[in-house]
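Next comes just one chain, in structure tokens: the form predicted alone.
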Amino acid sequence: MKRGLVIDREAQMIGVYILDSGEIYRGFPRKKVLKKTKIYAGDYVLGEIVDSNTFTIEDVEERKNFLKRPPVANVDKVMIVATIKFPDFDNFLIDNLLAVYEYLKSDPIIVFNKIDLLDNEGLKELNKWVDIYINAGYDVLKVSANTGEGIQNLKNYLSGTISVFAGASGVGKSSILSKLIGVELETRDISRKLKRGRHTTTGVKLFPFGDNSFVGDTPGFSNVDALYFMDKREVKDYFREFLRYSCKYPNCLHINEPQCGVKEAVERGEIALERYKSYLRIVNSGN
């Protein structure tokens, strides 16, 4: 059987990308498959090519994760797009998103866009936050969708992955997508193969670029509350830098407890105060 990836899913329409050839077919799941699972963009499927347009789906591989918003499976990396200016940087939103995507078992990375618009003060601010997030344990990339700076580096970084976007409105998620893959061209090609108009879809699409690399056309979360996904006692487990330290009490919340390794690290400057304040704000929002 052939192995494919579902790259287009809306209502009864399923687009399958054959991994060893790059060809796109309209997928038709067998009844036994439909009884067992619902199929989403990002699902790896096994099946047979019937003709030049049709692929029968015989089985769906087990998912490593599933994001409900957008509904997409097997996401390797989430690009959390941010800007220092236009709009102004919101570290609390970023810290919420990082915790949520850690919880959802996707690997979040931070992509700072619009770096070409920054003056000297803006560049200082950018470098400050880049250092904070790198020290916290996250990968950080800097790009300009306007000039193309850093886009090739982002392409290389995402090679061989399924990735989606998150971030506030106005930070340039769609512009980065266009630079990565050429949205209009890819949309037209996929839609012709599936016998569907270009601008009729509201479902999730994954666009292929490079060698078995795929990126979603949906922006993902633009505003999020971590406590919608997890209990406030769990939040500490999704701040990466906190996990480097041990406390006297195993269930320490890193707030009022004595001999707390995390609070001591904050006092020594090993954990950024800005990150710790975000953590407290998230936890206290559940009171």
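For every residue, the number given is its place in the sequence shown, counted from 1. The model shown is predicted, which means the values in this text are computed figures rather than measured ones.
Not pictured, yet referred to below: the form predicted together with a small molecule.
Screening 117, 93, 104, 130 for any heavy atom within 4.5 Å of the small molecule in the predicted complex leaves a single hit, 117. The contact with the small molecule in the predicted complex, taken as any heavy atom within 4.5 Å, belongs to 172 out of 216, 150, 108, 172. Partner proximity in the predicted complex, defined as non-hydrogen atoms within 4.5 angstroms of the small molecule, places exactly one of 72 to 80, 137 to 145, 208 to 216, 120 to 128 at the interface: 137 to 145. For the chain shown alone, residue 113 is a contact residue for the small molecule in the predicted complex, at least one non-hydrogen atom being within 4.5 angstroms. Shown alone here, residue 168 lies within 4.5 Å of the small molecule in the predicted complex, counting heavy atoms only.
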